[in-house]
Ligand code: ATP
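In the block that follows, a single chain appears as structure tokens, in the form predicted on its own.
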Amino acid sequence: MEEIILDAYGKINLALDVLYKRNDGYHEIDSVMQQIDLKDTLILKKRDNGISIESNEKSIPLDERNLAYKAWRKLTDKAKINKGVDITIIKRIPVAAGLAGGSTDAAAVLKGLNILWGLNLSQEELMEIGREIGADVPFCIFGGTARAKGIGERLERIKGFSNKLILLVNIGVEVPTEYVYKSLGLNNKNMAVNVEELVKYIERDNLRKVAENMGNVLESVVIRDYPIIDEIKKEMVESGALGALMSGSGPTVFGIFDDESKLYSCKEKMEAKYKKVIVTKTI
């Protein structure tokens, strides 16, 4: 095999609680991560050595700053091999949007090179390598619906929550994750999210209760700088969403719907105001 094509799926956070700052500088989280069918496509082609990256998205770096590059470098170091790859990234997931776009591309590179190079690494081994690249990479390898603890690398499978209607609205600005976490105050106990309650309703497939119990403590930071986030959430609910939340470190807002006609009616309203409006589903 000389070439492999992979889908790299995005994710939303149905819940995100930040518990404390760790001694290593990372934050301890308790989160529910959900894969969605919005995806990038990666094409990996063998070459003798080195790496090249190209993409249809002009705003992403094509050098060692790209997480796909870091995935190649980590894998060659871990496997102690000197093999190269040409990577084409067809981006559909908005950049720096709280949807794990860069992380899922890195995950796809790890999975793809594992096959292309015949390394036979297990999913657990790939996730361990992924952890060194970024906190969301292990989940992007794991997929589906999961409760995430630690910095996001300790994953527990939750009963599937697939085929739920999701509308994404992205305001077209990039919000650096590091800035959001750094700006978060952890002294306000009222900010805590009841992740246990949310998991209970996911496993019962109670969509309305899931929507009611979603929460993200990082919203307070991003809404302070971009109050439009709060306005979008309210507009979505007024337009028929069962609930709306900012995903990850933002600034993308997602709404959960149980009625396709209401979703598309909301989409039409949002497209008149906002840069990127995307219909997707949970997988």
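Since this is a predicted model, take the numbers as computed values, not measurements. Numbering starts at 1 and runs along the sequence shown.
Not pictured, yet referred to below: the form predicted together with adenosine-5'-triphosphate (ATP).
- Contact annotation: adenosine-5'-triphosphate (ATP) lies within 4.5 Å of heavy atoms from the stretch 94 to 102 in the model of the complex, the single such stretch among 72 to 80, 111 to 119, 94 to 102, 157 to 165.
- A heavy atom within 4.5 Å of adenosine-5'-triphosphate (ATP) in the model of the complex is found for exactly one of Ser52, Asn56, Asn49, Ser59: Ser59.
- Of the candidates Ile202, Ala148, Val175, Val195, Val175 is the one whose heavy atoms come within 4.5 Å of adenosine-5'-triphosphate (ATP) in the model of the complex; the others do not.
- Using a 4.5 Å cut-off to adenosine-5'-triphosphate (ATP) in the model of the complex, each of Asn66, Ile89 and Ser249 places a heavy atom inside that distance.
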